[in-house]
Every structure is written in structure tokens, then in C-alpha cells.
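To begin, one chain is listed below as C-alpha cells, in the form predicted alone.
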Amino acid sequence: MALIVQKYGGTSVGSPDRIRAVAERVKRFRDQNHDVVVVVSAMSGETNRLIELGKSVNPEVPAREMDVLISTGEQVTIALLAMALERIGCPARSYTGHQVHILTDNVYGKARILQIDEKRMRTDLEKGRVVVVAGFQGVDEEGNITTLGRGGSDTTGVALAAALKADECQIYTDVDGVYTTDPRVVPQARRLDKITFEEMLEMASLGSKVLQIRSVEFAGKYKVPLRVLSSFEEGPGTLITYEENDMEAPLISGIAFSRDEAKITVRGVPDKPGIAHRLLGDIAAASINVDMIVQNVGADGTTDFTFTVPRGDYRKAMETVKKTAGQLAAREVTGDDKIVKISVVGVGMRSHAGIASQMFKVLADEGINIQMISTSEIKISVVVEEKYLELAVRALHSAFALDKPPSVSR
């Protein structure tokens, strides 16, 4: 007997038939004497519908009221799922985030969980009930409804699993696990049986959309075993867990990529202390996130400074940088929003040399020029022209033998 927290996304509960299918799946676990807590998202498309509804009434909708509005999507789903469970003889209780007291800060639209009171859930579990909780939402200290941001139901599921000390948190999606890369780009991509929190966090932050980044951070912090599974077919999924000494560690576990990239280069800025702060300080003040940064050493008292920003912020960033560059008497500002970032990820890098040189050779053999490079202990990222994305990913996937089981690729 185990305590399992299951989270089902919007596509998993997108219709009455799918809700009934989820209820049948939950009941199978309950019939095996497992205690089950279920976290659900709003039905597919419902959150977007509510957002548009709010904007139709007030284009400048207050953040507090938007959270009150969009939190109702999950309230519908929890009630429907509890009804479906009761109908098939599985006692259930539904709760909003407020009712189980998921305490958050007061940052509307992207609140962070501070504390969870699990007593009410434990009481229901002891009475043999399935507990159904609304994902994506909580309440601040003043009783205001808050939401956790896009993908926040993943975070709710992991947070409840941590509070309840669950044996496993299962995230059900429209894919059957975490793959070595996007199968739409590389048909030979392989589902991973196991991946570490660190690797999953890197892949999520680098473009993999399987899990929300904050949920992986939360799971790693509280050592909650995560498993990604399909709502629509049976299978073992992918277990995300902490690294163990006896765990197989292939050199590379996966290849992530992001099309949401643009770069800006400022040439001929004075090579002296404080310049980087001036450039990036103004960018930060404009609420634009900076990712990769490269600064060249100049020989004439000047330097060149290049950094990447989200593609959606490119125009705003260029306007901000040009203004700052003019104040610094920089020689030129150029930009490019036709780039992508490609990253190889693997804990095996810690103990193996030569991964970077192999990656660079593969790209060179394909005639792909590297514009920027960034590394960490378990990942290497490069920026290349957007037109080379699929060629680069396929070549790297093949070169690191990611289409083969770990025992073969070593």
C-alpha cells in the first residue's frame, strides 16, 4: 500500500468521457489499496476562454480579479471528477486550493506556495476517500485567491506530494514519458526509463515542455519521486529521481532546444568596470530576462558584448539597448532573431571529458557555425542559425547514440 499523488492536465480531463476514463484509472489504484490524491487542471482550453472573457469585460483586468476568474476552471473539473468517482463506487471529496489551505504569497498570476495544511486530506484518506484537489491555485494570508502561473498544476501536485510525504507523484500528460529529444524532430528519439532531477531541470529550462520548471525544482528540493506517464495509454513512463551512485549515468541523457531566442550585440563599448551592469541593468529594469552572455576582450580599450533574450522581447530589448549604447558612445548595436539554442544534457559529463569537443566536431562536420557557447556541470548549450535546428539536433542525437539503450551507448 502506497500514498500516490496523481496530476492530470487539461487534455487528460478535456471532456466528460476523458474525465470518466481518469476516474476508472484512479479507481484501479484505489482497488489495489493505495491511498490516492488527485490534482487536476481546468479542462483543455478553459483557462484561455476565461482569460478572453475577462478581457472582453475589461481589457485592463485587475490581476486579483483575473485570478478569481481563472481559478474557477479547476473548480469545475474537481467537481466533475468527484462525481465520476462516486458513480463507480469510489468515495471521493473535491477541494479548492482555499479549502485545503494551499498558502501562497500575494503575487497574483505567478504566486509561490509557502505552506500546505494536509490535515483535511489525511482525514479523508483515513476514511477511504480519494481526495481531488484543484491545481494551479492557492490563497494568500489575507484570504485572496491566487494562481501559480501556466503549468502551475504540476507544482500543486508536487507540493501536495511533499506535504503528504507521498511515495510517488505521477504526472499524467499527453505523452508517455520524457524523451531523448522531441520525437517530432527526431523520430528515433527514445523514451527514458529514468532521469535525474538535475537533468530534467536543465531540459525543462532549455525548452522541453513536458514539465513545468518550478515543479521540477520543488520535487528536487523535497526529494519527491516524479513519474511522467500518458493519460491515454498504459506504460511505465519516466521516473525522475535524485542521482544514486549505482544509477546508470549515460554520457548524454537528452538534447533540448529552444526556438524562443534572439541575440543582441553591442560593439565598441568602453572596456572598463560597470559597463556590463549599465547594459544589463537597463534590460532588467525593462523586465526582460537575459540568458547567455559573451564578452570579448578588446585591444583598443573597447569590448564587444553579446547576450540573448526571449524572442518575444527582442524589439523592446533592442530599443532599450540602443538608448543605453548611445549614452556609452558604443560603436554599433546589431541583433538577430533568427537563432536557436541547442543543448546536450547529461550527468555523465561530470566524469567524462571530451563531450564539448565531440559536440563541436559534429556541428562542424555538418557545416553549422556556432555563434555562442554556454556550459554548466551537466550541460553544453550553443547558439546557431535557426535554419540548422533540425539538422543539428538529428546529427547530435545520432552521434551520441541516443536512439540506443544506455548499455549500448556507453
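Counting begins at 1, following the sequence as shown. Since we're looking at a predicted model, the values are computed, not measured.
Unshown form predicted in complex with ligand ADP; subsequent notes refer to it.
Chemist: Tell me which of 260 to 268, 80 to 88, 108 to 116, 166 to 174 has residues with heavy atoms within 4.5 angstroms of ligand ADP in the predicted bound form?
Modeler: One stretch meets the cut-off, namely 166 to 174.
Chemist: Which of 182, 304, 291, 198 has a heavy atom within 4.5 Å of ligand ADP in the predicted bound form?
Modeler: Answer to the contact question: 182.
Chemist: Just give me the single entry in 210, 333, 162, 92 that has a non-hydrogen atom within 4.5 angstroms of ligand ADP in the predicted bound form.
Modeler: When ligand ADP is considered in the predicted bound form, the option within 4.5 Å is 210.
Chemist: Spell out, yes or no, whether the shortest heavy atom distance between residue 11 and ligand ADP in the predicted bound form is within 4.5 Å.
Modeler: The answer is yes: residue 11 has a heavy atom within 4.5 Å of ligand ADP.
Chemist: Look up in the predicted bound form whether residue 219 has a non-hydrogen atom within 4.5 angstroms of ligand ADP, and give yes or no.
Modeler: No - in the predicted bound form, heavy atoms of residue 219 and ligand ADP never come within 4.5 Å of each other.
Chemist: Give a yes or no for residue 203: in the predicted bound form, does one of its heavy atoms lie within 4.5 Å of a heavy atom belonging to ligand ADP?
Modeler: Yes.
Chemist: I'd like to know if residue 132 sits close to ligand ADP in the predicted bound form, meaning any non-hydrogen atom pair within 4.5 angstroms.
Modeler: Contact with ligand ADP, no.
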